[in-house]
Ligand SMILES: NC(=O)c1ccc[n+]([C@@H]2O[C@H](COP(=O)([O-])OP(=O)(O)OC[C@H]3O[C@@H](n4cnc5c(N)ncnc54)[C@H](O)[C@@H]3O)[C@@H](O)[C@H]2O)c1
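Take a look at this single chain, the form predicted alone, given in structure tokens.
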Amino acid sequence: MTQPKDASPAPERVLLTAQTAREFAAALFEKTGVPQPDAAIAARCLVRADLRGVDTHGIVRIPGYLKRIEAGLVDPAPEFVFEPVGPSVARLDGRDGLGFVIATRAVDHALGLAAEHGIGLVGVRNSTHFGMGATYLLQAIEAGYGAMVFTNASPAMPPWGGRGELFGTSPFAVGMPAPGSVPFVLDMSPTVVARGKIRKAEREGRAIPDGWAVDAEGNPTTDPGEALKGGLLPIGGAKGAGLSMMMDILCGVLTGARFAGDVGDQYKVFDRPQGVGHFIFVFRPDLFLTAQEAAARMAHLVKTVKSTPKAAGVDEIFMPGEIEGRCEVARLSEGIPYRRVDLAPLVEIAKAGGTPLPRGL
């Protein structure tokens, strides 16, 4: 009698549709007490990062958020009250809720202020990590508005000339719609690389490039584990370090959030909430010109940039955010490729809590 052959090994990657990934992510948040509407917001923000190829800020980070909820450091269902400061300005105490929900609602509020007054500014304190900064730019752009979205973050790099972590990988995110053309979506860290890419390299067991980080003694390192004990390097030397300090002033000093190295690391600090601050500014593109004129001028800018003579070896000039936008279109059609090893912690959490798994996992 012949023995049955062993089943073929599962492929290293699995394709999930955006809808499937969102439903799975939302269900995991709901299991920890996050209300369904808020769980859907968090899931949508994380999956959008995956759609755009920013896998370091996608659903693979869910276990960290759930751990802080279960530890009582993130409130799964806070009540938000926007306090008016002026006709077009408001402040919000995030009450240690999920940063995705806080920032999404802050942008919504700023959009309402901008619709009435031309501009809307919301300062947020007592928030938590809010994921990919471009998420909130796109929220404004898709409503027809421009936006600047800043956040401070836990210590990751020293001030210029110093040693030891102090300022964060706080993203500098600016967006502008371009109807009929390619929107401007600039989402950049003042460090050479986001810390999420260091963590990803550590998970995958590979070295990081020279020039990304230093170890705890301030020496250059290609070991991601040592880099996470040390600090990241700023873009442009003192200029990048200055940008990170600017984020700390806008998002921390001015809002009442933690600042000057006091923002908690979501992976290391478990004796208190993070205390993150956000600075969210939304504006109508037709503040100084008609909407038609503004759109035409943006289209001209995009066309001029993309038609500039190319440097040797360059096939196409891209607008900031354009590559990610194309990735999103492709992954919406073809599915999002996830490494099974990265999804394994989510599968374990789902099985422990009785959450149904997507087909194929």
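Note that this is a predicted model, so its numbers are computed, not measured. Throughout, we count residues from 1 along the sequence that is shown.
Note that the form predicted together with the ligand isn't included here; everything after this is about it.
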item: Heavy atom within 4.5 Å of the ligand in the predicted bound form - residue from G131, G264, P285, P183; value: G131
item: Partner-proximal stretch of 40 to 48, 321 to 329, 24 to 32, 294 to 302 relative to the ligand in the predicted bound form, 4.5 angstroms, heavy atom; value: 321 to 329
item: Heavy atom of T104 within 4.5 Å of the ligand in the predicted bound form; value: no
item: Non-hydrogen atom contact D187 with the ligand in the predicted bound form at 4.5 angstroms; value: yes
item: H57 within 4.5 Å of the ligand in the predicted bound form, heavy atoms; value: yes
item: Interface membership of T169, the ligand in the predicted bound form, 4.5 Å heavy atom rule; value: yes
